[in-house]
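Here are two versions of the same chain, shown separately as structure tokens and labelled structure 1 and structure 2.
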Structure 1
């Protein structure tokens, strides 16, 4: 069985984010990208399934800066096949477009199970998993924290807000949005990544459908504006209390 993992690169929030001169997007020249955190958990879950005999892991990602490093890292972790989708790509493409590009390639790989991260912090138009499921005409379950293969089905643990969880059995093939793998994504030494670069073949495939859906238009992007109404109140308890009453009264809060 083929376990397909779709990964994407997103802005690294550890780095300072700079805004372009037009003020409507991030400055792509200064932007550092990293694999979406939830996608790393999706890959880890797929590798765990492989280690239990579920099948082989295929990782696919859209071409762009840093993508080859991400794919070879996936190979070093245990992926059996890595695919870079090339063509008229653009940075931080919308998920609707990305799903439309990925779906025909994933379908050609005859997937038994497709895993994606449940969400990404740069998404403005919905998570990738349900969009892929729509194009592939497959069932989708999100917020998955555990998955086990059993007799043509996948048993999953789905989490809900408030600490609730449900166990389900889903007929295969299916698409899962992984919130957390059963264990933290494994660490791989750089020496193993370099070895993968020498021994693992990076497959390139052309985007089968060059259609690009219009992204959501950003009218303005800006740093939070610093407030100018901060006031430090000093004095004894009675003086501070009296001043607070005055402030709340002026704001019509009393």
Structure 2
């Protein structure tokens, strides 16, 4: 069975996020991208299923800066096939568009299970998974923290607020939104990634349907006022510690 993982790159939040001159989008020039954290969990969950005999892992991503690194990293971790979707792409395309582009390609790969990250922090038009599922005419369940293959089904653990969860079973093929893999995403030494670059074939596929869905128009993108309420305590660590002790004392905690 084919376990298909769709990964996408998102702005790295460790970096300062600069806004363009029009004030309505990120400044793409200065942007540093990384693989969406939850997509890494989706990949990890797929590899765990593969290791338990579920089938082959195929990873697919839209072309763009850093995508090849991400795909070879996935191969080094255990993906059997890596595919780059090329064409007139752009960074940070909307999920409705991305789902339209991915769906026919994924369909041609005869998916048994499609794993996506439950969300990405810049999904202004909703996460990818549910849209992809609909264009594939497959069921979708998200907030998944565990998946086990049964005969023709996948049994999953879906998270609800407050620590509550539900067990559900889903007929295959299906699309999942992975919140957390059963174990943290594995780390792979850079030498293994380099090795994958030499030995693994990177496949390219054309975007089958160049149709672009109208994205949600942003009139204004801005940073919320920082420190509107926080009083930033200055000084060296001892001075800060002394001030915090005063605060704890005033609050009757010491």
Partner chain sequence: MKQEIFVLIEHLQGRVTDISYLMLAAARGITEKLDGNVVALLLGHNQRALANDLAADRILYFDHPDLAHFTPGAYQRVIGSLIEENKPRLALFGDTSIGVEVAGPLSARLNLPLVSYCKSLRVENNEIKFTSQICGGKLMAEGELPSPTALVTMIPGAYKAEQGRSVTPGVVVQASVPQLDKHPVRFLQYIEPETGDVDITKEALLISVGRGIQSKDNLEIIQELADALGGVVCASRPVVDQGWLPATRLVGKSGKRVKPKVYLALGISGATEHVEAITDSEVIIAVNTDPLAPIFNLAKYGATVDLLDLVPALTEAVKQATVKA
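Residue numbers count along the first chain shown, from 1. What you see is a predicted model, and the numbers here were worked out from it, not measured in a lab. Take the two forms, find the largest set of C-alpha atoms that superpose within 1.5 Å, and that set is the rigid core.
Novice: Does the form predicted on its own correspond to structure 1 or to structure 2?
Specialist: The chain shown as structure 1 is the form predicted on its own.
Novice: Rigid core aligned, does the Cα position of residue 14 differ by 2 Å or more between structure 1 and structure 2?
Specialist: No, because once the rigid core is superposed, the C-alpha of residue 14 moves less than 2 Å between structure 1 and structure 2.
Novice: Let me know the CA shift of residue 248 between structure 1 and structure 2 in Å, rounded to one decimal, core fitted.
Specialist: C-alpha displacement of residue 248 between structure 1 and structure 2: 23.8 Å.
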